[in-house]
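Take a look at this single chain in structure tokens; it is the form predicted alone.
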């Protein structure tokens, strides 16, 4: 079945979109006629000229508000937000320093809050919008040396559900996605050894960033009539089918 998603005239903001799932989503949105804007501290290595890139640290509330205002001034609207910016340090709880803990929450949790605060007034005024928040299976399962990351992703589930309830009357939808194990720069940094990657390949399969795009385009589209929901993509399709 062919996709019928049409983004003509719509503006999507993707945080953490310089590579990985965010970049794949921005490219797919642009291919469907929409305007894709990326916020990321990383350079736009995986993006092309169709995609607008802003160097923004989402943990900096004032920087986010300023950058969103610039997007609104230029494009007049923001129809959707995919909040994917995250860091995933590996460290034991006993040896974790305060900076690592605070920075993980500042990017993964605070960054989502600041971006939602920035885009929601426009969405509420137009009584239309979709926000997709990235969580992780580690929010439920946990993992050694990933407590800060898992905690931030667990908090996002509760945040997204609460925000969905707040803005439902304005016809703004807020949903969460669990993308599964995906081969991204962040995944490779968090799983540097071949043995770790072999473990994930054997247990869940490892998908590509493009494998998640369909889930995200659905949640951004009018076909997704739900809010406060979680879409879980558990396994890599090729692994499941083999």
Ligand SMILES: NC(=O)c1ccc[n+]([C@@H]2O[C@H](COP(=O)([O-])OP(=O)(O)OC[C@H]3O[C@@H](n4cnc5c(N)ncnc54)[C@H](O)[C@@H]3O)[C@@H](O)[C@H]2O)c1
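Since the model is a prediction, treat every value here as computed from it, not as a measurement. Positions refer to the first chain, counted from 1.
Omitted from view is the form predicted together with this ligand, to which the following refers.
- Figure note: of the listed segments 73-81, 145-153, 94-102, 123-131, the one touching this ligand in the predicted complex, with heavy atoms no more than 4.5 Å away, is 145-153.
- When you look in the predicted complex, the only residue of 28, 215, 47, 181 with a non-hydrogen atom within 4.5 Å of this ligand is 181.
- Though the partner is left out of this view, residue 36 does not reach within 4.5 Å of this ligand in the predicted complex, counting heavy atoms only.
- Not displayed here, this ligand is kept clear of residue 67 by more than 4.5 Å at the level of heavy atoms in the predicted complex.
- Using a 4.5 Å cutoff between non-hydrogen atoms, residue 174 does not count as a contact of this ligand in the predicted complex.
- Using a 4.5 Å cutoff between non-hydrogen atoms, residue 107 counts as a contact of this ligand in the predicted complex.
- Contact residues in stretch 85-100 (any heavy atom within 4.5 Å of this ligand, taken in the predicted complex) are 85, 86, 87.
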